[in-house]
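As structure tokens, one chain now follows by itself in the form predicted alone.
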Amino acid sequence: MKAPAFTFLRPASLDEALAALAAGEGEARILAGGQSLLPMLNLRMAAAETLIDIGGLTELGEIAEADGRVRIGARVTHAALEDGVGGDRWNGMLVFVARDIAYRAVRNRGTIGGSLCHADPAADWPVAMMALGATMQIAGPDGRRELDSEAFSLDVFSCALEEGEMLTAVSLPRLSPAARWSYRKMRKKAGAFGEAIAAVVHDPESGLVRVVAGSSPLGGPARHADLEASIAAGAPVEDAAIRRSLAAREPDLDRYEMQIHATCLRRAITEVMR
């Protein structure tokens, strides 16, 4: 199948893109890498009267540091992060996550902003960004605003962007040299979405402690504050505590789902605390 007819726009500036998005009155879509949107249009799982291609907006493809945080433009590709473009301030974590997303052909086109806005519950970047304490930078008809990654991810294929808004960048804190992290994913084959994902970050210098579990059975990423408290205190995290934390968030997990998510979390926590 092919996509229904649509108007194609390629704005020359962010303001022009926002104006086109507002003019679309909810029927316009932002096109970045197109690795999710275009197949969905072809399969008639999504519709758009207007596609706004932001591929020419240079500012959205930049990585820059200011005030101790790093701004990653929404149009930065998975491949660019895999290749360490712009430097590594996270002790290899973003490189590790990026290189395991689908296949290189997809990573060459897919973007971090597109992944976050698409909000697939089994995607990698929503989990990784929440684990790193990311802030989402948003532009829209009422100006610009910032939103914590926890507030940005709302539900399955649902994020906090309002009509006429677009994600412009992700702001991340640097990790200190003393920081430890682990990112674990279980899947049936290479390149597939993870059935279970766990990300753990502990930076004793900044006090950042994050334990995030995600993937489809959990409805997307979420923090586990009780497990974070144990890691911060240096206390052992028992398997029973991990299972209680998972059950508190999603009581309907079946035995298989509980096992793979608990195993992912246990391995990630053990790697960080060893």
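Values in this document were obtained by computation on a predicted structure and should not be read as measured data. A residue's number is simply how far along the shown sequence it sits, counting from 1.
A second form of this protein, the form predicted together with a small molecule, is not displayed here; the remarks below concern that form.
Asks: So in the predicted complex, is the small molecule close enough to residue 177 to count as touching (4.5 Å, heavy atoms)?
Replies: Residue 177: no contact with the small molecule in the predicted complex.
Asks: Against the small molecule in the predicted complex, would residue 33 count as a contact residue? Criterion: heavy atoms within 4.5 Å.
Replies: Result yes; residue 33 sits at the interface with the small molecule in the predicted complex.
Asks: Does any part of residue 54 reach within 4.5 Å of the small molecule in the predicted complex? Heavy atoms only, please.
Replies: So residue 54 counts as contacting the small molecule.
Asks: Are any of the heavy atoms in residue 106 no more than 4.5 Å from a heavy atom of the small molecule in the predicted complex?
Replies: Taking the distances in the predicted complex, the answer for residue 106 is yes, it comes within 4.5 Å of the small molecule.
Asks: Just one stretch in 85-93, 72-80, 143-151, 128-136 has heavy atoms within 4.5 Å of the small molecule in the predicted complex, so which one is it?
Replies: Heavy-atom contact with the partner occurs in 72-80.
Asks: Are all three of 210, 215 and 273 close to the small molecule in the predicted complex, meaning a heavy atom of each within 4.5 Å?
Replies: Negative, none of the three is within 4.5 Å.
Asks: Please pick, from 170, 200, 101, 196, the one residue with any non-hydrogen atom lying within 4.5 angstroms of the small molecule in the predicted complex.
Replies: Exactly one listed residue reaches within 4.5 Å, namely 101.
Asks: Pick from 37, 222, 227, 246: which residue has any heavy atom within 4.5 angstroms of the small molecule in the predicted complex?
Replies: The option sitting close enough to the partner is 37.
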